[in-house]
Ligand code: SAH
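One chain is shown next in structure tokens, namely the form predicted alone.
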């Protein structure tokens, strides 16, 4: 069975080469790329400045979709969670993946004026962080560039909004799907593509050190966030098994290298877990770890996941932890909870869904 051609899998240069090999002039790729990312066509038929014959031929050879919308849930706070069906793989196994539309700043009438897209890069996750729902089911698969970018385009088309920011903080470890995620990020950044600046795209990683070294060398057009969650090696290893092979001291060095070369701060994500990493001594260790590191800390209240043995600290504890860090001179922010009631918040994606099944 021939693997289907999805145009969103191709960079501008790759698409030009593909269409040239098909005997089409170079300017046709410019037209199609504009339809894909500027005009956001839903079909080849919509590409009206192409001949009818060409549109019909393209529809026979290629596809504009690698995702099928299965369900959509909307939270009381306006957050929307999308469940996408992936096509069957060579073994006949299907999978699903979730992404989230997050309303941000609101006007005087309470209407959202900015939106953030939270994208996934894998169906499931191999990192198995103990506080995260995504790692509970069996790992499904890596997503293609078309499936990563397609989440954003699909949410825009469904909601009638355009995204100001993208965070790659959904299901999966982006660095564990390195090539496909990089290609998707370059498309989001490409001036002829989605045209988002690197400060408008944030990729979050659990800290795969060898991949991060490559990430810096390849100059991904994004900002970097690292899931830290503890500056105590023993606690972090219990929360994140990856810490055993990618320890905190080596992770610090690669983050230092990134901030020095890119002159951008690293965002350190820190989920507060009751009685685990929310004590004054934890704040002290975090401050010590961040010394001489250009960074900011994003505190996240733990969001409940059935079957996982964690709770969120009290609001008093959360605020005390934040104020402790501020008093130590750190840049610290407390992430607003969004979409908790539909399991769309940080750490909740994927648990409710079976990630693979037979057709």
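Since the model is a prediction, treat every value here as computed from it, not as a measurement. Numbering follows the first chain given and starts at 1.
The following text describes the form predicted in complex with the named molecule, which does not appear among the structures shown.
### Message
Residues 168, 206 and 300 are flagged as a possible site; in the predicted bound form, is every one of them within 4.5 Å of the named molecule by some non-hydrogen atom?
### Response
Every residue of the spot touches the named molecule in the predicted bound form.
### Query
Only one of 73 to 81, 178 to 186, 284 to 292, 265 to 273 gets a heavy atom within 4.5 Å of the named molecule in the predicted bound form; which is it?
Heavy atoms within 4.5 Å of the named molecule in the predicted bound form occur in 265 to 273.
### Task
Verify the contact flag for residue 58: yes if a non-hydrogen atom of it lies within 4.5 Å of a non-hydrogen atom of the named molecule in the predicted bound form, no if not.
No - in the predicted bound form, heavy atoms of residue 58 and the named molecule never come within 4.5 Å of each other.
### Query
Is the gap between residue 143 and the named molecule in the predicted bound form 4.5 Å or less for some heavy atom pair?
Judged by the heavy-atom cut-off of 4.5 Å, residue 143 is well away from the named molecule in the predicted bound form.
### Query
Would residue 318 count as a contact of the named molecule in the predicted bound form, using a 4.5 angstroms cut-off between non-hydrogen atoms?
Although the named molecule is absent here, residue 318 would stay clear of it in the predicted bound form, with no heavy atoms inside 4.5 Å.
#### Entry: 4.5 angstroms heavy atom contact with the named molecule in the predicted bound form for residue 173
So residue 173 counts as contacting the named molecule.
### Query
Exactly one of 222, 123, 101, 132 has a non-hydrogen atom within 4.5 Å of the named molecule in the predicted bound form; which residue is it?
Looking at 222, 123, 101, 132 one by one, just 132 meets the 4.5 Å heavy-atom criterion.
### Contacting member of 305, 325, 50, 64, with respect to the named molecule in the predicted bound form [4.5 Å, heavy atom]
Selected option: 305.
### Task
Select from 8 to 26 the residues with a non-hydrogen atom within 4.5 Å of the named molecule in the predicted bound form and write them out in sequence order.
The stretch does not touch the partner at all.
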